[in-house]
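Below you will find one chain, with nothing else, as structure tokens; this is the form predicted alone, and questions on how it binds or moves follow later.
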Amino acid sequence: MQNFIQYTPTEVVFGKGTEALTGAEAVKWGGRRVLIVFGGGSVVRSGLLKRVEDSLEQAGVAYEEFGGVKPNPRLSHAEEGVKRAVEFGADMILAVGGGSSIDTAKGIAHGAANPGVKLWDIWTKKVPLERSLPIGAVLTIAAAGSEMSDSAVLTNEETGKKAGINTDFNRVKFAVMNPELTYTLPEYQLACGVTDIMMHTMERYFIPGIKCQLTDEIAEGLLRTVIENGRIVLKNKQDYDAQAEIMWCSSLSHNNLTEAGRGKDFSVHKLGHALSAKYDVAHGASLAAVWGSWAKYVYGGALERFAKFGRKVWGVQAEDDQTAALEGIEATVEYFHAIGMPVSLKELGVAPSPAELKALALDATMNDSVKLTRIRPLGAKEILEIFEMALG
């Protein structure tokens, strides 16, 4: 087991009707003037936004709305939010929504605390981030895990690049998590969320040569739980217990717990980010489209890990590791397909030309300046081969 620091400071307020506690939580964490960040009209139509605002009013908190967040959140929109936050004198940013709203709120918080500094310069670490505003979240979709993670991702439309930043300033002060709020989500969004949760866990799992028994047990149990309950909610979206399990899995999958003693390797996310930046496809779908090809390309370098995954997560009975590994990979791909996720670029709805595939590989590897995976180093040449395998 490697040395590690486990830091999970977010206060979780979990359960039915908990959005009514938002105002009290905001005050508890220093919020008196709150900018509310959200996406489209669903939080308005459902009445959630009004319930949140009523809670803020009852707690004596002033607020201003900032809507319009889109999937694959945009840098320009976050920059607009920074201006609004500064003009309003916000002392807290509150996200109402999923990962896109939370990541946008994180960007706004960083920018508003550092007026005059370009947000992308903070994002790309040209300017060190030394202060931010406190952030709260009311979660409406279990997927990104941003409500408890130290990460955030934005897309720069000018450069066509999608990039993330990891910092303790991304840690949300409080996360209100009511599984009932997920009842009206489309099946495709639910499936993308389940996929993203699995990916956050698997990106930390397939690292060979390190013994972490408890961390492995947590990761394997989380994967089994989200797989089982993913099937349930896609048949009955109003199964509270199943939605609750998935929502809790979302948070634990990305709060660093499943990497304790092992670390992480977000190589598949690099491929997915290149795809979603260029084609604006759903994040979870972009990951499902390439995971099987990535796994088949690298599994030989982590044969024992992939075999363990097949046996512990999917119940594979094969005695030899090679068969167990391949059966586990195939079971995962079949599951993605069964819940409506694409398992190739063709199914994702994109058809890159050879030149575009090469550009995607260069984007994923920062112009071939970094190597991906801790299984074995993968440069632009190898990533191109994985993209070609994923064409379908």
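Throughout, we count residues from 1 along the sequence that is shown. Remember, predicted model here, so these are calculated numbers, not experimental data.
The same protein also has a form predicted in complex with a further copy of the same chain, omitted here; what follows describes it.
The partner is not drawn, yet in the model of the complex one stretch among 249-257, 118-126, 104-112, 70-78 has residues with heavy atoms inside 4.5 Å of a further copy of the same chain: 249-257.
Although a further copy of the same chain is omitted here, in the model of the complex all of Gly15, Lys211 and Gly221 have a heavy atom within 4.5 Å of it. With the partner omitted here, the residue from Tyr240, Trp314, Phe169, Tyr279 that has a non-hydrogen atom within 4.5 angstroms of a further copy of the same chain in the model of the complex is Tyr240. Looking at Ser149, you'd find every heavy atom of it more than 4.5 angstroms from a further copy of the same chain in the model of the complex.
Contact check for Glu87: every heavy atom lies farther than 4.5 Å from a further copy of the same chain in the model of the complex. Asn229 belongs to the set of residues with a heavy atom inside 4.5 Å of a further copy of the same chain in the model of the complex. The closest non-hydrogen atom of Asp91 lies beyond 4.5 Å of a further copy of the same chain in the model of the complex. Residues of 1-38 placing a heavy atom within 4.5 Å of a further copy of the same chain in the model of the complex, in sequence order: Met1, Asn3, Phe4, Ile5, Gln6, Tyr7, Thr8, Pro9, Thr10, Glu11, Val12, Val13, Phe14, Gly15, Lys16, Thr18, Trp29.
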